[in-house]
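Next up is one chain by itself, shown in structure tokens, the form predicted on its own.
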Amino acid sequence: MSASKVNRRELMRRAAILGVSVPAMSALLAAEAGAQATPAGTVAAAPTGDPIRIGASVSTTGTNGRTGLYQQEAYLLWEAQKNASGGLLGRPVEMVLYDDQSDPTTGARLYERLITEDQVDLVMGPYASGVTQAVAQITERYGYPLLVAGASANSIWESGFRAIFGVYSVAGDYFKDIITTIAPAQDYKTAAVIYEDAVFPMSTGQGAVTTLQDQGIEVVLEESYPQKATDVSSVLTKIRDLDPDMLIGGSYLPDSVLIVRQAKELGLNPRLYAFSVGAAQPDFVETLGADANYVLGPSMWEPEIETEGNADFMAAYQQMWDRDPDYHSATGYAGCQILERAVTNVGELDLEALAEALSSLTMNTILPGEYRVDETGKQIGHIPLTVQWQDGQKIIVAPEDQQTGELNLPTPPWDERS
């Protein structure tokens, strides 16, 4: 596959309209959004010197392109804000971004290019666990610490990497609140678990199976389906005949939408639907409309949570991109916040010292909980959320102290919905 360098078309378009440079446009947008990180009444000194170049490939086309785009937008927002507020270590920041087209092999090749040809100073993580696992082998070889801002498969932290640091909860725990809190409250005793045959969905699905078994809930079916599937009716027919209380899907956006559509066609009526990634995205309800109602899913962040800087992040993102962020935007941005703090604490671009700083750092970001990792680099301080679609609105239903509304279950049969 060929991969082209990310084209910042929208920034260029706006810059052309106003007759300013692209970096100046980035700074202007950040300033308009109230993103200046300086005390009231002061003006940040303009960054000087050679830019600190931070490289990443992010899936903005291919299977995960719609999701990866949110992460890329967050990287570019942070870049604009830093350049409008004094830079990093007093120097400008330049994000060097490529599109890996949702392909692990392409992602690995691009990080090799970023390090050996572009000679970036630092790197940030790509989107998706499969790409991240391939990329980590490259960053480890060259001694670059990698903040994993767009992936969470447990296997990433079970591979013996020395400098891989998670930004949010591991995939195996995604459905924990649904299984340990929501299901018992509803007296649900059986579940079917399906997942795409890829690194991240397998991790979420298999983690769900383990948690279900630990809770004494019978798993009546566990089955994978091919990547980029366009028809999962055969496995859904099996599930319909087994009639479980819950259908849990380890999925991305395209397959979670596919499962809901084909479940409706087949008259599959579990009392609870839950999907990873797709169910938390605005695109889910935009694509499915009312059929998204009642569906639950894990989310790593939501706009309503009261975390440090979250309201400012929301306003700046909406100003710059003319749309709301999703949790992939927030995790990408949080990754940049963590990198910024570590670099600032070290005071120079020393990769070994930076890895040490990231391993011991504890800090708040815009995500719930805090950044804190164990000895493998696995994130242990983040608090995942569970959301449910209700009348076209996404409601936080767990954990209890983050709720924005009450859970609405059981899911009614398709032929009883208005």
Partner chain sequence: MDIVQVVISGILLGGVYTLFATGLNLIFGVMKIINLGHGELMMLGAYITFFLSTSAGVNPLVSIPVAAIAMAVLGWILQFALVERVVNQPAINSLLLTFGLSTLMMGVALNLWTSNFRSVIYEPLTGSWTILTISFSRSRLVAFFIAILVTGGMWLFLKRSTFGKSIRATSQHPQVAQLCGIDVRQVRFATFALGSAMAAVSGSLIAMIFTVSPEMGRMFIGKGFAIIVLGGLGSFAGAFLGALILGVSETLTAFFTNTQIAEGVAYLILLLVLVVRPSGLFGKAEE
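Rigid core (definition): largest C-alpha set, two forms, superposition within 1.5 Å. These numbers were taken from a predicted model, which means no experiment stands behind them. Numbering follows the first chain given and starts at 1.
There is another form of this protein, the form predicted together with the partner chain, and it is not shown here; the text below is about that form.
Of 286, 348, 324, 214, which residue is found within 4.5 angstroms of the partner chain in the predicted bound form when only non-hydrogen atoms are counted?
-> Contact check passes for 286.
Heavy atom within 4.5 Å of the partner chain in the predicted bound form: which of 231, 306, 218, 187?
-> It is 231 that has a heavy atom within 4.5 Å of the partner.
Contact segment among 72-80, 176-184, 256-264, 308-316, judged by heavy atoms lying within 4.5 Å of the partner chain in the predicted bound form | Answer to the contact question: 256-264.
Would residue 240 sit within 4.5 Å of the partner chain in the predicted bound form, counting heavy atoms only?
-> Output for residue 240 is yes: heavy atoms within 4.5 Å of the partner chain.
Please check if residue 382 has a heavy atom lying within 4.5 Å of any heavy atom of the partner chain in the predicted bound form.
-> No, no contact at 4.5 Å.
Is residue 225 close enough to the partner chain in the predicted bound form to count, meaning some heavy atom within 4.5 Å?
-> So residue 225 counts as contacting the partner chain.
Please check if residue 369 has a heavy atom lying within 4.5 Å of any heavy atom of the partner chain in the predicted bound form.
-> It does not: once the partner chain is placed as it appears in the predicted bound form, residue 369 has no heavy atom within 4.5 Å of it.
Within 4.5 Å of the partner chain in the predicted bound form, which residues of 181-214 have a heavy atom? Give them in sequence order, or say none.
-> Heavy-atom contacts to the partner chain in the predicted bound form: only 197.
Shift of residue 113 between this form and the one not shown at or above 2 Å (CA, core fit) = Superposed on the core, residue 113 moves its C-alpha less than 2 Å between this form and the one not shown.
Comparing between this form and the one not shown on the rigid core, is the C-alpha shift at residue 238 2 Å or larger?
-> The answer is yes, as the C-alpha of residue 238 shifts between this form and the one not shown by 2 Å or more after core alignment.
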